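Okay, so here's just one chain, in structure tokens, the form predicted alone.
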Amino acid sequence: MELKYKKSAADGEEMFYGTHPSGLDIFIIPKKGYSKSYAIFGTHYGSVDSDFIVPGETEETRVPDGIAHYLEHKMFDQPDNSNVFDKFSRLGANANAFTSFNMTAYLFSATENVKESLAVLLDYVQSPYFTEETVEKERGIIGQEIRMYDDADSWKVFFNLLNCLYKNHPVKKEIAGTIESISHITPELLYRCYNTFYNLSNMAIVVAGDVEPGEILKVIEDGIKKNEPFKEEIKRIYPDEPNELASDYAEQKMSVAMPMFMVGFKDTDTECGGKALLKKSLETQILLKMLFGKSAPLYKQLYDDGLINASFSADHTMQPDYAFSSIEGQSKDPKRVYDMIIAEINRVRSEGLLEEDYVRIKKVLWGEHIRTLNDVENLAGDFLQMHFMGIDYFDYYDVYKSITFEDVQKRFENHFVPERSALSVVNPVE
């Protein structure tokens, strides 16, 4: 196959890309002079995908919660009992993997032997090996991981918030599942999920670093095993989610020195992808900095009153079918922080946003984007996540440039609605 070429006029970034006959999307981002290279091989499959219809079938498949994460763990088992991490280690590469709500990814970083490490990555991700014995052994390991998450205060404050924001959507469910749900996972179910979601037409690979695109393409082509691409999309089945919250408050007691909190705003402007989704996300990021950033009046007031510390931050999580904004930190009085956040939202609704703040923050956002381009891990990881959302990373500047103050004002009115906000708190055990 031949790769296409694209260069961004805004930041000079280059990319070679194409779709292999197997259906695999390939992206190579050369970064001349960089010492480290990074590769990430991912599937558009995460913890929310427990209900689906396999292409070519008509019946719905329902699998246990946590199976995407379980499958990620099992992919490191090899038929010859070899250790994948040992292979990477001998090559001087650092390997890892992760499962999120909507993606599972396998990756490595290296300063040498990049092509050899890439061949290892391609081989083991395409070599599933599940037996009754190995699946049963993993059950105890993942069970320990689940119990560890149960003791993680930052994890609990986050998922408690999601359970406030969402009534039905599976994003509210913990990524690793529960002890009960993983007890139903079998080799047969793992193979069914693998054969569905690890079809190369549902996957993509991104390689960034001081690499020669033609050489990287040859390694990828040589490493692709026989795979028939799906002729239609996997049908993912999600329950209807109302605009209303499940609850506006959650509290849990844990062994923490100071109360932790997370405030969330549920996004009801969903069912969009591509440039529209990217534009909505950038507008929201601008707003979060305007409202809650370190230069915002609210931040100064909260800090001066001793209600927050340096842990205070805000973020936006987006997917085509769900999205939310979150503000988190530590405070001696989380409910007062929440009340002050809502009061600030209401004040801005009454008095309006300041255009000079918008102009300044928008420039800050572009600067942060440019810094991301200098980190091959962040660049490749963000690129892959955006690709699975139908977003072309190289559209960033055009979308960014198109955003107006009026767009940000409208986004504020639609998204930061007090009635769609919730507070999650983890308090110290008394």
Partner chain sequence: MENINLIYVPMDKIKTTTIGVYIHRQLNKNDVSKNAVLPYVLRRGCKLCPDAEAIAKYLENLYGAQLRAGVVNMGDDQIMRFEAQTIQDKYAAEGEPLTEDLLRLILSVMFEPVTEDGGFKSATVEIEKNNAKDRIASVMNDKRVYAMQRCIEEMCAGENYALPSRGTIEGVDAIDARNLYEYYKSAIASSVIDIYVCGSADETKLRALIDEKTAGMEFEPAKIPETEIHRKSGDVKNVTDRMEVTQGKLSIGFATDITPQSEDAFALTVMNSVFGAGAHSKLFNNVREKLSLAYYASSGAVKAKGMIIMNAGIEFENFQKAYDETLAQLESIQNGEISELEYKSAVSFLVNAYEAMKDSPEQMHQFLSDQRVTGTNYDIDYCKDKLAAVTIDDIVRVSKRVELDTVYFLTGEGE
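Positions refer to the first chain, counted from 1. The shown structure was predicted, so the numbers you read here are calculated from the model rather than taken from an experiment.
Only in words, not in the display: the form predicted in complex with its partner chain, which the text now covers.
Student: Within 4.5 Å, heavy atoms only, which of Lys225, Lys231, Lys137, Arg336 is in contact with its partner chain in the model of the complex?
Tutor: Of the listed residues, the single hit is Lys137.
Student: Only one of Asn195, Asn243, Ser295, Ser82 comes within 4.5 Å of its partner chain in the model of the complex by heavy atoms, so just point that one out.
Tutor: It is Ser295 that has a heavy atom within 4.5 Å of the partner.
Student: Taking any heavy atom pair closer than or equal to 4.5 Å as contact, tell me whether Thr99 reaches its partner chain in the model of the complex.
Tutor: Taking the distances in the model of the complex, the answer for Thr99 is no, it never comes within 4.5 Å of its partner chain.
Student: State yes or no: in the model of the complex, is some non-hydrogen atom of Gly367 no more than 4.5 angstroms from a non-hydrogen atom of its partner chain?
Tutor: Gly367: contacts its partner chain in the model of the complex.
Student: Evaluate Gly352 for contact with its partner chain in the model of the complex, applying a 4.5 angstroms cut-off between non-hydrogen atoms, and reply yes or no.
Tutor: Although its partner chain is absent here, Gly352 would stay clear of it in the model of the complex, with no heavy atoms inside 4.5 Å.
Student: Taking heavy atoms only, is Thr178 within 4.5 angstroms of its partner chain in the model of the complex?
Tutor: No, no contact at 4.5 Å.
Student: Can you check 124-132, 99-107, 167-175, 250-258 and let me know which stretch has heavy atoms within 4.5 Å of its partner chain in the model of the complex?
Tutor: The contacting stretch here is 250-258.
Student: Given its partner chain in the model of the complex, answer whether the residues Glu57, Lys218 and Asp269 all have a heavy atom inside 4.5 Å of it.
Tutor: Answer is no for this spot.
Student: Which residues within 138-158 place at least one heavy atom within 4.5 Å of its partner chain in the model of the complex?
Tutor: The stretch 138-158, when checked against its partner chain in the model of the complex, contributes Glu138, Gly140, Ile141, Gln144, Glu145, Arg147, Met148, Asp150, Asp151, Asp153 at the 4.5 Å heavy-atom cut-off.
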